[in-house]
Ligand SMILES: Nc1ncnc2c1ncn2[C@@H]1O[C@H](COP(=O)(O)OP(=O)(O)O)[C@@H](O)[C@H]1O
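What follows is one chain in structure tokens, specifically the form predicted alone.
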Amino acid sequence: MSKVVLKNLMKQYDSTVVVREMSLEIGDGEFLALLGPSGCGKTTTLRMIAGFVEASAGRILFGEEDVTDLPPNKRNTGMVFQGFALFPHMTVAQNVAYGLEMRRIARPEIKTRVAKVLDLVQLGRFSDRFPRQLSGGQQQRVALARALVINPHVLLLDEPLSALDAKLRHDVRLQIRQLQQSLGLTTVFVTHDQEEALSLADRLVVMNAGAIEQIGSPADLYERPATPFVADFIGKTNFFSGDLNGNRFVLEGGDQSFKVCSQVSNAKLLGIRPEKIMLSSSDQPGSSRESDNEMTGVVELVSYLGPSTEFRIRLAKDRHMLVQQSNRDAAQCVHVGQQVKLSIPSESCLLFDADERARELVRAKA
């Protein structure tokens, strides 16, 4: 186990900067997720930590040791790849033992450590099978065992669940989290799947165009996104352009405003999470407690999602609002073409400064 420190880490290919002066400290035993869209630099960052990609600038430290110039085999990292990368001609036990053999560990110790780690991932009875005889989830656990058997200082996971179906993904990620917690391993996990990141990590690092957008706990990033990009990438968000006037955000055109709690200097963008909005039939009696913001609209689309239902509501001036309601609520009976009432608490209104990139986001969602 070891903490990992990145100091002004950068990777550049010719004139293209892939990772931009990234500084980050990953605590000893912490599970940290690098999250972002394809091409944001998260996998390149992971591979620089592993030593497979040479940094163009900056330093990488494991604890107090500077490993920037060390080759991968001298860094003692365990890595699980997206495609498992198992040797098809080797048995499960032989695949897991490979890293120990390369380190010239004595055969009796190899046998003991392989048996122990296979029991840890619940694959002890499969030791003599070949990868082709295993399910996708079992192959992934073999890859995880191979990474763990060397007793790594840092465990690196490069989108390790993307090749699995939805049910297996859920099961394997629970196993990974339980193993990481029981072993106290410092772990860096790369994914573009927000649900995986939110459910697994102690902290998230959201990356965009090679730079860090925001760092924080899953709850911090979801409930208090620092930028429109984070709000849009983690979860879903309704965006509206306008201007802040006192404690009200006035939408473009001046026909509608929202009472807000937070104050952001020069706020030009309002964000509202779909599940924060209460929806009811417009002829349904209101609750005794009035909402800070109420409006009416017409249902244009209803999408049943199992635990919840998603509604696309057309508001005045052809604005649209996405609403998500639990299927325990009466709103599931709402149908297309029906007029409905929306109620939005002021504390659920997120405010952002808006650069041109954010304005493009609003236009794309209109």
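Throughout, we count residues from 1 along the sequence that is shown. All values derive from a computational prediction rather than experimental measurement.
Beyond the structure shown, there is the form predicted together with the ligand, which is absent from this document and is the topic of what follows.
Visitor: Only one of 344, 18, 24, 351 has a non-hydrogen atom within 4.5 angstroms of the ligand in the predicted complex; which is it?
Guide: None of the other options qualify; the answer is 18.
Visitor: Does residue 308 reach the ligand in the predicted complex, with heavy atoms at most 4.5 Å apart?
Guide: Close contact is absent here: in the predicted complex, residue 308 is far from the ligand, nothing within 4.5 Å, heavy atoms only.
Visitor: Taking heavy atoms and a 4.5 Å cut-off, does residue 43 contact the ligand in the predicted complex?
Guide: Taking the distances in the predicted complex, the answer for residue 43 is yes, it comes within 4.5 Å of the ligand.
Visitor: Is residue 29 near the ligand? Define near as a heavy atom within 4.5 Å, in the predicted complex.
Guide: So residue 29 does not count as contacting the ligand.
Visitor: If we define contact as a non-hydrogen atom of the residue within 4.5 angstroms of the partner, is residue 39 a contact of the ligand in the predicted complex?
Guide: Although the ligand is absent here, residue 39 would touch it in the predicted complex, with heavy atoms inside 4.5 Å.
Visitor: For the chain seen here without its partner, which of 31-39, 297-305, 314-322, 60-68 has a heavy atom within 4.5 Å of the ligand in the predicted complex?
Guide: Partner-contacting stretch among the options: 31-39.
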